[in-house]
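Have a look below at one chain only, the form predicted on its own, in structure tokens format.
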Amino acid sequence: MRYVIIGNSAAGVFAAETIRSLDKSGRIEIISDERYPAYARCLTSYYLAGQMSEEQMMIRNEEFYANNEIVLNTGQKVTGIDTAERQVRTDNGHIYGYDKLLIATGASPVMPDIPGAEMKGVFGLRTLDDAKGIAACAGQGGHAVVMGGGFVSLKAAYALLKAGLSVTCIVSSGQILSQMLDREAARILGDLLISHGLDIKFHADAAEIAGDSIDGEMTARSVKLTTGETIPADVVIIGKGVTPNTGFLSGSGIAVDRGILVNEHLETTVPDIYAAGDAAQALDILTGQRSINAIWPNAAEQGTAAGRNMAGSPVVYEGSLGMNSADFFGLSTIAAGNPKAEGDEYEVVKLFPGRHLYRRLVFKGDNLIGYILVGNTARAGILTSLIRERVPLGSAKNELKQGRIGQRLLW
């Protein structure tokens, strides 16, 4: 059996590991456009802040591939799939034949269509090379501009603050973290970040990135805002969302919506081709619809499930759950499920148990469907399990509103 996996992050590596545990003799090849063994992309901001080394980011070393007889082909970008011939083509002319194929290509930052976005010193923060490039441009005492107010943007801003830079965050709306947090939680976090020196420009966007020619290459030096203000910038980070890496699938017959559409076995519309991770549009536990919940645990779980199905040990993937977490200056935050749900069919409970402590619980009937915790998030796993397992709460619902389940205090 020939297994080919496109992508060497969480979904791809966990799939390969699972396949090898079930099929000791099949040929497993991973194709990656990066040059590293598998590493945790979610830790790039920690690397940028100097809190983690490159070695510490690695989740598998080179010996892992050798010990498991997995062939890792690095520095190759997939350009197309011929599903009739069962072949994968790469940009260096290589062709890989497969019997089972997994697409785990992840996602890439959405780069804005503004003048100067192509300059040196302008980055997304998605890969280890991105983090290395940012670090090379961002010396202590310099200026950084971060475009966007989501979790990736704020983690990048936080890392650069910790590294000693002056940081300005450009947020087009009136609230940071607007996709996952309500205004109360966002205000607590925003006030904390501002108190530690982060400059946040609300209701603004970048109109242009200006630069100078350095060694014959245009390099970013400032960002002009739609408000007319100009902000100095030694480095510019784009955090305006991501898009699944699916462009190479054109003409393949594999159905793509926002991401690659998969069934309950994570198989695409073409037999023997599977998808997992940030590129896959799989079942969402809460909505029952197919969506993309692009977080590391979901990618790892999908990769494991896809690997089992590819290796002939069928398993149904029961669905993913949206979740995000961060820690800024010792204040932890986590949101999961559908935490911003509003309307007559939902019951929303807001609790303020102390300074820098906030809880929002969202119920639909007898079920918890979402929550936001700011501060003291140690027991968030209990709430997540209640959502994921769709546990009818009964009398425990009132206990939960009071911050406990039985005799166990949650906060």
Ligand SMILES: Cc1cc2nc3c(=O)[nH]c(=O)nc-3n(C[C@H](O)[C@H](O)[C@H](O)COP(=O)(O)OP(=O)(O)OC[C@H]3O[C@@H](n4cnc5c(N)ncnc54)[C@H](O)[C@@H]3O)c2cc1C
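For every residue, the number given is its place in the sequence shown, counted from 1. Quantities reported herein were computed from a predicted structural model and do not represent experimental measurements.
Separately, the form predicted in complex with the ligand exists; it is not shown, and the next lines address it.
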Practice prompt. For the three residues Gly7, Ile31 and Ala107, verify that every one has a non-hydrogen atom within 4.5 Å of the ligand in the model of the complex; reply yes or no.
Written response: yes
Worksheet item: Can you pick the stretch from 133-141, 217-225, 331-339, 119-127 whose heavy atoms fall within 4.5 Å of the ligand in the model of the complex?
Response: 119-127
Practice prompt. Using a 4.5 Å heavy atom cut-off, state whether Lys77 contacts the ligand in the model of the complex.
Written response: yes
Worksheet item: Would Ile369 show up as a contact with the ligand in the model of the complex if we use heavy atoms at 4.5 Å?
Response: no
Discussion item. With the partner left out here, check for me: in the model of the complex, does some heavy atom of Leu386 sit within 4.5 Å of the ligand?
Written reply: no
Discussion item. Taking the ligand as it sits in the model of the complex, is Ile19 in contact with it (heavy atom to heavy atom, 4.5 Å or less)?
Written reply: no
Discussion item. Only one of Val152, Leu101, Val236, Ala305 gets a heavy atom within 4.5 Å of the ligand in the model of the complex. Which one?
Written reply: Val152
Worksheet, complete the sentence: From Ser291, Asn324, Ser166, Thr83: within 4.5 Å of the ligand in the model of the complex by heavy atoms is Asn324
Discussion item. If you apply a 4.5 angstroms heavy atom cut-off, which residues in 289-308 are near the ligand in the model of the complex?
Written reply: Ala294, Ile295, Trp296, Pro297, Ala299
